[in-house]
Every structure is written in structure tokens, then in C-alpha cells.
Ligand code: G3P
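Shown here is one chain on its own, the form predicted alone, set out as C-alpha cells.
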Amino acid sequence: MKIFVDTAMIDEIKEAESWGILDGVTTNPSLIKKAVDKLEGVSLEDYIQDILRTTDGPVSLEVAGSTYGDMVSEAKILYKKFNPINDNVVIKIPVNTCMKDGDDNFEGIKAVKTLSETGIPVNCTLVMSSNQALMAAKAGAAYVSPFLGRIDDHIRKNMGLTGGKDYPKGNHYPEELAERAREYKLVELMEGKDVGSMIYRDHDIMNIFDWGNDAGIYSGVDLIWSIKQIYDSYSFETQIIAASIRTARQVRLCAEMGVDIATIPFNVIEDMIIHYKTSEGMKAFCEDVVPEYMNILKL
């Protein structure tokens, strides 16, 4: 699995690059502006050029428009202006830019299709469903970015698992407990009822199977799995970027299912290398080194 860092901080990108594990970078306009605001005398354009020079892997730059025409125009400008720097620009296009009733739901997909046909690699972003990912692949997207963390938030809220509070982003979403809660609720609803009257007739019972899920998806990781099954079934070349990663555990689960790429916040990448037993073992190893062994290590 390739590792992208989800940041616009040059220092973080350089640090991850120095570790020898970095394969690319994903950014967005707000991340870039936040990074530039911390510096003096550096323009937004110069800063983007610095990011592109820092790594040879793909760097996703996002458009600002929401209509087909604006997105295609902005994508071409970004690509022409910045890709010559290091030949590693990928353009981020939202899968659906609709924000209110009456907006066209297919502006993003149309832009993906047009840009892909002109040879501009597209990272289709804000993907929240398997069907969206299917359409992005059919439109020719080089990458698709499902937001697994945001899907977890959405499902937790629908099931009422947050207790009315914001769920800490660093906490693991207990999909197994959510499934158990669904089972208990089903048993509660079924008590004292005739089995024959329940199937397809009792809406409360039938709705419990959809309680909290999103079109049959029960977690962000489940969404990634679903998309991978579809892509593998039809041999799509579109690469899956697991996005909106919150924990090292999510990275492991994505890696176990063979996801192409995970774009990971810098602090989560740091968490991935840490284990208390490794630290404990290092202390023991150092204590076991005898003077005679140290002597043979000297030039």
C-alpha cells in the first residue's frame, strides 16, 4: 500500500520524505492557506511550487469551482502552471458539487470525464458511496478518494451513538458494537410477535436492518471494502485512496484488504511506528550489549 501524507505543511512533508515511506501528498486550498499564513513573504503560488519539489510522488491540487466549466478551466490552469515544476500534479475534482435543490448532480463527473480524456490525472474526491466510486471509475478518474472517517461520523450520528456530543476523531468507531446494538434492538422489537407477520410487514422490524447504515454500508472501512470489490470485479484501473483517515487502526484495516493508497495525517503516520513493546525490547537489547561486543563495532 502506498502512503500519502494529508497535509500542506512543508516541514511535515519533508520529515515524512526523510523516513523513506512517502509516496505522495494530498492537499486542499484551506490546508495550503493555513500553512502559508504561518510564513512571511511567501506567496501561495511559490508555496505550492515548494510542495511539488519536496516529493516526486503525486501531489493533489484542488479546484475551487463547482460548475463543469469552472472546474475544467481551473484544472487546466493548475495543471499548466504547476505540473512543469516536477511532473507530479494530480487535480482533485469533487464527485458531486450539488449543494442545493436544482443544482446539477453530474457537474463533477462530467469534469472528471473531460479532464481524463485530455490526459490530466484526476483524483475524484468527496466520495461517500460505492455508486459514486463506480461512476468516477467509469469517467476515467486516476484516483478515487472515499472519506471513511466522515462516513463513520455520519453512521454514528444516525444510530445515536454519539450521546449528543462530537465523537472524538481519534477514537475507533466500534462497528462490532454497532452491529450488536442493532441485534439487541431487533430482539426487543420481535418479542411477542408472530414470525409470519414480521417479514416484510412490520416496518419497525424491517427498518432495523437499515438502522444507522448508509445504503447497506456500516462503516467507512466497509465502504472501502465495497469499492474494492467493485473495482476488482471489473478490473478498473482507478486507484483507491482511503481518505479521511483518523487512526492507525483504520490504516491497518485498509492495508489488510489491499487498498492501493491511504492518505494519512502526519500525526497518524507517527502513531503507526510506535509500540510500547518495541521500546521495552530496545531497552533490554541495549542493556544486554557487553563491552566485548562494542569493541568489535569500532573501526
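Residue indices: 1-based, along the sequence shown. Predicted model, so just to flag it, every value in this text is computed and none were measured.
This protein has a second form, the form predicted together with ligand G3P, left out of what is shown; the following refers to that one.
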- Choose from 129-137, 76-84, 145-153, 110-118 the stretch whose residues reach within 4.5 Å of ligand G3P in the predicted complex, heavy atoms counted. 145-153
- Considering Val259, Ala243, Val63, Ile269, which brings a non-hydrogen atom within 4.5 Å of ligand G3P in the predicted complex? Ala243
- Of Ile230, Leu39, Leu31, Ala255, the one that lies within 4.5 Å of ligand G3P in the predicted complex (heavy atoms): Leu31
- Message: I'd like to check something about Thr263: if you look in the predicted complex, is any of its heavy atoms closer than or equal to 4.5 Å to a heavy atom of ligand G3P?
- Response: yes
- Query: If you look in the predicted complex, which residues in 2-19 sit within 4.5 Å of ligand G3P (heavy atoms)?
  - Reply: Asp6
